[in-house]
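Only one chain comes next, encoded as structure tokens, the form predicted on its own.
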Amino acid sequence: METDLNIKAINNTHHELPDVIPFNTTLADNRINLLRDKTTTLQVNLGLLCNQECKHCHLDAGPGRTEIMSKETIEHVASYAKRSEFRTIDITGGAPEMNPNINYLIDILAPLTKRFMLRSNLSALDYSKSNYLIDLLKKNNVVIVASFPSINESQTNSQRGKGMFNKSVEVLKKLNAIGYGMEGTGLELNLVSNPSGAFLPSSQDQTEIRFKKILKKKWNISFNNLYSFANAPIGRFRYWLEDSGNYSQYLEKLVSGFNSCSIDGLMCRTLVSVSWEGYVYDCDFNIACDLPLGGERIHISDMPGAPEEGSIIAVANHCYACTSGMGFT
């Protein structure tokens, strides 16, 4: 690829990971400019409130967090979606189900896109009020992207909290019962697996085959697709790495695993992410690092449309997590 090696990508040095080759240097060495393609996905972070405190969380989300998206900001998001015509709208958190305005958001955003996704930790769907929410998801044909780190109970509970594995299995069964993940229903249920320790994920294809076989055999659970992602060394996962003495070793794995072939499929090239406050970023990891789109805090109400094709993406060394091995797409 012919590039100008005087890369002007934006960095936030406060959040840089020490003692590694700067990500910009690696891009330059591989003659790569990481530029935005056509933006087709709007990702909306509804806040940091969550019923779990997973040790891999890059946002430090948990039950004690008070940052949530207001109804007014949701309305700004809807206005932005109308003037930008995104193919996909992707809702995340925290646990987005815990935002008191989640039903309102689904009602006004789902009609504005062909593909509407909700990222769930599964257990947050199991509150007493969740039957209405699950019915609303089904009514609007919302794609559920569910975190299910491992089919090993102890590994999942170690990462997400005691009893969370069994709770997740119960919710998956409930979703299957109403048609999610079942052939011919059109109700898509995808799982996300990530390592429970300081290592990179296994082959995504092989992991999906293994998950489908064991979940079906042991619990009669079905799902559509599985995505296998590396953990970003920021937020609570960074603290865990440091406390366990695995920080430097994990960074070395990420840097040595850099795969230039992953660049074309990176989600930040076609996605714009909105924080619970309404400010725009290139991805959810950049929200965690306060690394805003274009290097300045721009509110969604001031965005005339989707970010321009060819514009520079804000990067820092946590980007190695998305470009190591098979990448994070």
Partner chain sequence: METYYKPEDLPKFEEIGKYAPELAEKFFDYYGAVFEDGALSEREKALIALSVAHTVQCPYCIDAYTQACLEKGSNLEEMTEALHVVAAIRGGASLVHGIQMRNISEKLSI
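These numbers were taken from a predicted model, which means no experiment stands behind them. Numbering follows the first chain given and starts at 1.
From this point on, the text means the form predicted together with the partner chain, which you will not see here.
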| item | value |
| --- | --- |
| The single option of N152, N103, N141, S248 touching the partner chain in the predicted complex, heavy atom within 4.5 Å | N152 |
| Contact assignment for the partner chain in the predicted complex, among R115, K253, K216, K174, heavy atom within 4.5 Å | K253 |
| The partner chain in the predicted complex: contacting segment from 233-241, 86-94, 105-113, 154-162, heavy atom within 4.5 Å | 154-162 |
| Residue contact check: S202 to the partner chain in the predicted complex, 4.5 Å heavy atom | yes |
| R210: touches the partner chain in the predicted complex, heavy atom cutoff 4.5 angstroms | yes |
| 4.5 Å heavy atom contact, Q206 and the partner chain in the predicted complex | yes |
